[in-house]
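Single chain ahead, by itself, as structure tokens, in the form predicted on its own.
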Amino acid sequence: MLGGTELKVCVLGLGYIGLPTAAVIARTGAQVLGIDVSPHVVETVNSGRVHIEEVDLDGLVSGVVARGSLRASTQIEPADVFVIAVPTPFGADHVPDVGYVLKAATAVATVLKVGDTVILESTSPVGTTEQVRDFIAELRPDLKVPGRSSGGHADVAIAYCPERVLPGRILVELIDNDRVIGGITPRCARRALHFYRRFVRGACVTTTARAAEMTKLTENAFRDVNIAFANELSRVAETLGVDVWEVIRLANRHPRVNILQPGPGVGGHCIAVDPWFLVHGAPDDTQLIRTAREVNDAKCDHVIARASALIAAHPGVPVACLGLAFKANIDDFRESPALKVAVALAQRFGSRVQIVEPYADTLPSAFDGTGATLVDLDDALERAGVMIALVDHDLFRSVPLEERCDKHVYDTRGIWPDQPAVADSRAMRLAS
């Protein structure tokens, strides 16, 4: 059935990864059911609309829903392939929480049958896929589960295959990027490989589930460590009175140097979270990874302190915080350092603070009671005398010098290298 057009697929979780994945699979001719705990999400998808911002996703979802290839529900149904794409946050002391994954596995177990394939896509601590296997084995003793049955034969296949996509390019990268597919057994990996070949043009490489889990965490920890170097370098440059953006630009002219750009911290559900999964799994062997996380978190606190000092130095002057998203040109605020900075400033300076975020219609609930308001960029440029650039949205980059030359600017993203040294704006830009 995996190769036929009558394939039935159930995607659990219709968020930033689950909904695009479900739509891409549905485009292949499979019958896809998307499961979500939110009735609003289910209703939105079934009406052919989307609840998240992603390039071309609205048109794709509208098309596959209209053709009857994709529908959504809060209740699971039997299928041939189950794809789990639910959140994996961390709790107190950065301990990973796989509760949503295990809850999804519990739901899958209620309808699982011989011949089915279960694939975990959620970024997870090493060993989570085995937990899913064990969970299913306990709930369904009537099924022979891979790694838990004698003779190597199993009734179902269980595998792990993490996404590795960039917001804003998800639909393209779901298809074109290479995939690492880790099976509980080699047979499980091959079953999952057969499924992904329906819609993935990139290379599909098989391995063990544990290796695939660690690969995903390694990719994001690598980026976090490199960003930490850039963020630490920005603070060194501030102390020494040097323009960090110029230093990085010049250093990157070396053929074997590629320093990333500093910012107000690190955000998103992946890079800001996944390294802690490695630290939790091997606390005595992750000194560098832990330190990188601490450096990036401390950078956010540093930006709050410097921005507060700039605002306090100009009593009564309206303030514009530019951006809440964790990166440019998306509407995703998860673990966003920009959001953390803006909320902290709003809590301290109240109604003086105006928020500009082109990808939001309303302010997040964290601003409730602060007096901060959501305004458009033109209003902010007209009214605000202090500007805190927190996200490098294209809209913000487009602001010409003549519209900001008289502002007191703290540019944490280096989007305005031509900003003149009016009052303390130069110092604030270097401080990032």
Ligand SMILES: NC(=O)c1ccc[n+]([C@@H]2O[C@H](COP(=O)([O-])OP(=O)(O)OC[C@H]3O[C@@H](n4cnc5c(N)ncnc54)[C@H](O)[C@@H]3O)[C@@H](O)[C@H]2O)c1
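Quick caveat: nothing in here was measured; it's all calculated off a predicted structure. One rule holds for the numbers: they count along the sequence shown, beginning at 1.
Beyond the structure shown, there is the form predicted together with the named molecule, which is absent from this document and is the topic of what follows.
You can rule out all but one of 131 to 139, 268 to 276, 203 to 211, 252 to 260: in the model of the complex, only 268 to 276 has residues with a heavy atom within 4.5 Å of the named molecule. Scanning Val86, Ile227, Val353, Val98 against the named molecule in the model of the complex with a 4.5 Å heavy atom cut-off leaves one residue, Val86. Checking Val165, Leu193, Ala237, Ala328 against the named molecule in the model of the complex, a heavy atom within 4.5 Å turns up for just one residue: Val165.
Proximity of Arg71 to the named molecule in the model of the complex falls outside the 4.5 Å heavy atom cutoff. In the model of the complex, the named molecule lies farther than 4.5 Å from every heavy atom of Asp392. In the model of the complex, Val37 approaches the named molecule with a heavy atom inside 4.5 Å.
The named molecule is not shown here, and in the model of the complex it never comes within 4.5 Å of any heavy atom of Asn296. When contacts are defined as a non-hydrogen atom within 4.5 Å, all of Tyr16, Ala104 and Lys216 contact the named molecule in the model of the complex. In the model of the complex, the named molecule lies beyond 4.5 angstroms of every heavy atom of every residue of 312 to 329.
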